[in-house]
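Next up is one chain by itself, shown in structure tokens, the form predicted alone.
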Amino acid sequence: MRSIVVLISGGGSNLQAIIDHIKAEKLDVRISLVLSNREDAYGLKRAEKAGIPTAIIDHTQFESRELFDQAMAKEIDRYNPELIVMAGFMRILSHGFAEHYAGKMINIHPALLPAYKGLHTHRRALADKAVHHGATVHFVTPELDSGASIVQGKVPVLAGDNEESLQSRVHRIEHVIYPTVVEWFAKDRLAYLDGQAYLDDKPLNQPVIIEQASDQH
């Protein structure tokens, strides 16, 4: 069984989606550790309820991003995970940390990359009157939100949407696509080589698209 470590900073809804898939025997991985940079992250309670070991490393206690990341890596490497899953981890990673886990770390970003890198993605999509929005699962590289994309979950932007309603719809598709990617990893279907994502030994020149029907509210 493959071992993963999940990094969180907040509510941990994507962590819960992965936990639920494991409990339902849809996903054959073991979450060896849930690590948070915030002691008040609700995702820690989700992990504890599921009997998963947790750790808190407070980034405010370190003089530099590099020292914080070194402390994180030391804790993560105790568990020797085969995959690092960033699930709402709200810290920009140092170059050294990203390189240390190159090809072994994935992130989910609430936008259809390369559109809307960074923060406030839902607000920006609404301001642009985008027809579609969504989320992207991608490999992590030192450049923010720029690693090879694996899957995109696509949702419609509906008339009357605000940030909250659009975010809710994006969350629902996130909870589908993130466990899907972890499942591909667990079944040895997913690989990363020289900056390129591969699925079933074929290069993913474009991410796999999973679309939510427009009548789903």
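When you see a residue number, it is the position in the sequence shown, counting from 1. Nothing here was measured: the structure is a model prediction, and the numbers come from that model.
We do not show the form predicted together with a small molecule, though everything after this point is about it.
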item: Options 49-57, 146-154, 62-70, 170-178; stretch whose heavy atom lies within 4.5 Å of the small molecule in the model of the complex; value: 170-178
item: Distance check, Leu93 to the small molecule in the model of the complex, heavy atom within 4.5 Å; value: no
item: Ile108 within 4.5 Å of the small molecule in the model of the complex, heavy atoms; value: yes
item: Leu113: touches the small molecule in the model of the complex, heavy atom cutoff 4.5 angstroms; value: no
item: 4.5 Å heavy atom contact, Ala87 to the small molecule in the model of the complex; value: yes
